[in-house]
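Given as structure tokens, the chain that follows is alone and in the form predicted alone.
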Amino acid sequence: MNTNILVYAERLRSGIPGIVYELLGKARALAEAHGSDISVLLPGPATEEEVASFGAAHRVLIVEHDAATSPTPEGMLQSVHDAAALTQPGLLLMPATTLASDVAALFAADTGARLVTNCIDFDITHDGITACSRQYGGKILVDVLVDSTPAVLCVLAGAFQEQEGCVTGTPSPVKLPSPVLPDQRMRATRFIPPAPGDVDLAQMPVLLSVGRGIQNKENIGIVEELASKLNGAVCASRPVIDQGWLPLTRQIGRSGLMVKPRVYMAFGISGAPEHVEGMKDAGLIIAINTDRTAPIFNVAHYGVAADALDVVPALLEALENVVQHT
């Protein structure tokens, strides 16, 4: 089986997103097991630091053209075709972003490659490439076997450890010729940033998550106050989102986001498997729940058997004392 891997390094305005390094980390593990050759396709001008940051790869294919700075699926498709023709990948890894997913679908349609979307895990086996795909908002997990190559996998952010792919090295830079793009049916005219006031939970080092134990929407305010003092953000389990106390963008778990913050504090969360799946890889998990038998304590590094509404004010008071004595 062809185990060569091509990783599409989607570039956003703020730089290269962490999901790219998650894919590189997984590719690196597969390469160690199967001797895979790893290439990275990087659109747009690339600095030496950016190329060096892909040390887990053998080479970085750099392509510069207008579509790289104002990307559209049609514009980036030709670059993926060029990179695939050069590297002959058995596995094409794409971030499950809006743009990359569109590019993946167009590439699969052009080449007849098998496409699996919303992947949260994958592997190379004797039978082919296996992937686990999260469907219907996380309600169903589908195990897929792709028995022919190339396979195209769109992988959700948070599926793997980002640091496993953050390896500095000296991959060979290869400059691809700028493709001649056909008349494109769409073009990017401007970038519309996300609505102010929301946060990218995947990038937050500290997350304070609330569950049913927070009792009502008004009590979330005190947790937000604690989060601001810890330079963190507030998120929630599904029951809180279903109540409309926080927006859907703050939901953690199988039907929400998968996060890996340095610290995850769970206030009044029981620890249903659907929620644990989205936060179990956090660096330090602290659970607060009145129920000593709550499943959340099975994944927590530290636990407090108490009411979250008693613990949060106590933590705020303790932080205030620290500030006053420093």
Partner chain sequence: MLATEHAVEQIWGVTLDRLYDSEEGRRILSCIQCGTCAGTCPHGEYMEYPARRIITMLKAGLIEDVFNSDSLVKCVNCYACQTKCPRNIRLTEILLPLVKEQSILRLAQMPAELQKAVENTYRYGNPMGESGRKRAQWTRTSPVPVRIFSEDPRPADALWFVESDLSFHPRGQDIARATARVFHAIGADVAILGNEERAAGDCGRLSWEPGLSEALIDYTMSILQKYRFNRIIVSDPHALDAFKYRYPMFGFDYPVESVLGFVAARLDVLAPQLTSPIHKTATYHDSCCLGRHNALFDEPRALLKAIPGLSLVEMAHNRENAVCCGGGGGGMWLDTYYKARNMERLSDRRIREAIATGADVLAIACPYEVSRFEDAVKVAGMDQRMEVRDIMELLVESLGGQ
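Under this definition, the rigid core comprises the largest set of C-alpha atoms superposing within 1.5 Å between the forms. Residue numbers count along the first chain shown, from 1. Bear in mind the structure is a predicted one, so any value in this text is a computation, not a measurement.
Beyond the structure shown, there is the form predicted in complex with the partner chain, which is absent from this document and is the topic of what follows.
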Legend entry - Which of 284-292, 38-46, 269-277, 53-61 sits within 4.5 Å of the partner chain in the predicted bound form, heavy atom basis: 269-277
Inset, instruction - Using a 4.5 Å heavy atom cut-off, state whether S255 contacts the partner chain in the predicted bound form. - result: yes
Inset, instruction - Although the partner chain is absent from this view, report whether I241 comes within 4.5 Å of it in the predicted bound form, heavy atoms only. - result: yes
Legend entry - Proximity of R114 to the partner chain in the predicted bound form, heavy atoms at 4.5 Å: no
Inset, instruction - Mark H81 yes when one of its heavy atoms lies within 4.5 Å of a heavy atom of the partner chain in the predicted bound form, and no otherwise. - result: no
Legend entry - The single option of L141, V174, L106, L99 touching the partner chain in the predicted bound form, heavy atom within 4.5 Å: L141
Inset, instruction - May I ask you to choose, among C166, A188, I120, L230, the residue with a heavy atom within 4.5 Å of the partner chain in the predicted bound form? - result: I120
Legend entry - C-alpha of I252 moved at least 2 Å between the shown form and the other one on rigid core: yes
Inset, instruction - Return yes or no for Q215: a CA shift of at least 2 Å between the shown form and the other one, with the rigid core superposed? - result: yes
Legend entry - Q243 C-alpha shift between the shown form and the other one of 2 Å or more, rigid core reference: yes
Inset, instruction - Answer with closer or farther for the CA-CA spacing of R254 and T125 in the predicted bound form compared to the shown form; it moves by 3 Å or more. - result: farther
Inset, instruction - Once you account for a change of 3 Å or more, let me know if I120 and P295 sit closer or farther in the predicted bound form, using their C-alpha atoms. - result: farther
